[in-house]
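Read the single chain below, which is given as structure tokens and is the form predicted on its own.
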Amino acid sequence: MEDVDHLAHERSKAQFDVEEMKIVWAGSRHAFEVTDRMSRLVASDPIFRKDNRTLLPRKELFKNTLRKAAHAWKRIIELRLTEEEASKLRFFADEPNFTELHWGMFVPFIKGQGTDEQQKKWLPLAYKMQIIGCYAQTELGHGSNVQGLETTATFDPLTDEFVIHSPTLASSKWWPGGLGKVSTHAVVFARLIITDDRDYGVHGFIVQLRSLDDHLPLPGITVGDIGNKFGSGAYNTMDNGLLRFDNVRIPRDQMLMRISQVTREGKYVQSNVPRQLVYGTMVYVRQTIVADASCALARAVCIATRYSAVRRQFGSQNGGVETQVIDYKTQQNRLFPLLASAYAFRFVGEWLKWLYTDVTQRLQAKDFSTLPEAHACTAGLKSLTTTVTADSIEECRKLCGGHGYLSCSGLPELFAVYIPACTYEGDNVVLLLQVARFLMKTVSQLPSGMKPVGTTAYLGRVEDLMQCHSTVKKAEDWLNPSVVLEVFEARATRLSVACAQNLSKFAKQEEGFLELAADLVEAAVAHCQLIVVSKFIEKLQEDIPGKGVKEQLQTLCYVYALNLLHKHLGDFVATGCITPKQASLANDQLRSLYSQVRPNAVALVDSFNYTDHYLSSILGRYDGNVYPKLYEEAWKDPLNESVVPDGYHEYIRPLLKQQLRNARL
């Protein structure tokens, strides 16, 4: 096969320092060096091969995943990798497996909700992977409504134990990753019941599930895999599980007791550690989900952008070359906002990481003032970014035309792996309703003089924002960050205030929340979009080195904002933030911005610094050598192992012979 860089000409057009942009994307030079080293380490290791994943039967697929996870741990130990390096190695191995829940949920929850003694006992075992943990919260009958969980943990004062029990079929734990076949332990969430039969609500318990000698389930535990899921390989590499308890006894000290405790006498006691610390772990988990959204979106956009530059269709005159698909305005209008969104989500993810650190430090100092805002912020951004990313991966598949439907394009599998993010750690619509409740509370407190903080600070200027109208007179005015920010603040304010006014008409507020749920979701989305736009603009106020780097980011920022304005034009015009004429000028400016992105598009996706191994896409290959590789890949399919297919003599030949006889008649 020819070894030619078909995208070299595209890269030569770049008007910025690509190496510096890679550092901006990574977050720092150190982060870039770590991610670059780990991604290449994985890509060069044949055990991490994944191009055959969609061809493997489930049992073989799962065993292969176990092999990769064990090999990853072996390499982490051999190379004495830091926690940061180990995390990146697992990320670039790019295969959902039991270690995700172990490191991402089991360990953080013990750190967040375990006492010092519990942490000393359990964390060393978890860090060495001498035990493997998962997170068993969701049940067959309850997911988002955590307070509705049915599993019980009843204290027995005679034996100083909790009795964990699944009273109904619906109370079976359902979905936890790693549970089905691997996990030896779980953080199990159950209703705490003490001897007076009083229900103290849902608490966490460390429960051993399997023997550490022969891996068999312990007495009273029924555990297994829930079955095949959407996609071919995709999330079927993960053993999502089901779990039932039949009066399983655990020692009292296996209740996570950092926040609240049960004494030997059976008394429920709140510790002096603030209950609000529980939310710190939730903020941590959701900020990692937002960071992952930017990576998944960037991956899809990288594939679609490179292929759009390789693919040519129509437009040839007198036998000349056809037009690159990326040069069509319809393609740019669909693709470039997704490219801009990847960068926008990256920067809001960076900010969320800072927010988590800030909130954690405040909580430890018993300052809870920013917690409600941080909780609403992470909930809303988790919802917004995962919804947009899932939809955008599918859009990228369509942008690649028919070849995007092939598994080897990488996009169907990426979509199948990613879409659970719209549901886990909070259903996206339910999360937006939580954001809306926070916004309604904030608006209701404005007359009393309470000053909104952080991402809701703009509501403190409610009177001005309810009155302001955009001053845009020409298309270029839309390149003023204060002009853009003001219309997004005004739209968010007016939607929230309108919802609050409509809620006040209901005698019972809960009835209002049910009736106005769709409007409340729209208000929450507007607020979250404002956060992303504002954090992108704040990023641009930093000192960003590298020739042309800041200019490219400015262009992407305005593409992101003005595309949102176009998509939600009804909101902006109906609330009086802008006029139809100003909206038309915004569209004019947006078209101009697409022309500025075009020569830099391939270099902008190169800045993600993804290896071909990680992309796992023939269409998104760095060298753009798509067609020979697609042809080569086709012959690897098991159906092509024989020229005449299995079943020919049983089914095809008799059919053909019958048709031939009929033809002679």
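What you see is a predicted model; the values in this text were computed from it and never measured. Throughout, we count residues from 1 along the sequence that is shown.
Not pictured, yet referred to below: the form predicted together with a further copy of the same chain.
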Going by heavy atoms within 4.5 Å, which of 533-541, 261-269, 516-524, 281-289 lines up against a further copy of the same chain in the predicted bound form?
-> 516-524
Just to confirm, W354 within 4.5 Å of a further copy of the same chain in the predicted bound form by heavy atoms?
-> no
Any of the heavy atoms of Y622 lying within 4.5 Å of a further copy of the same chain in the predicted bound form?
-> no
G220 within 4.5 Å of a further copy of the same chain in the predicted bound form, heavy atoms = no
With the partner left out of view, is R491 within 4.5 angstroms of a further copy of the same chain in the predicted bound form by any non-hydrogen atom?
-> no
Proximity to a further copy of the same chain in the predicted bound form, single hit among V429, V453, M450, M466 (heavy atom within 4.5 Å) = V429
Partner-free chain; cross-checking a further copy of the same chain in the predicted bound form, the single residue of Q130, T159, S369, S504 with a heavy atom within 4.5 Å is Q130
State yes only if every one of Q119, I194 and V462 has a non-hydrogen atom within 4.5 Å of a further copy of the same chain in the predicted bound form; otherwise state no.
-> no
Any residue of 616-654 that, in the predicted bound form, places a heavy atom within 4.5 Å of a further copy of the same chain | Y627, P628, L630, Y631, A634, W635, D637, P638, L639, N640, E641, S642, V643, V644, P645, D646, G647, Y648, E650, Y651, I652, R653
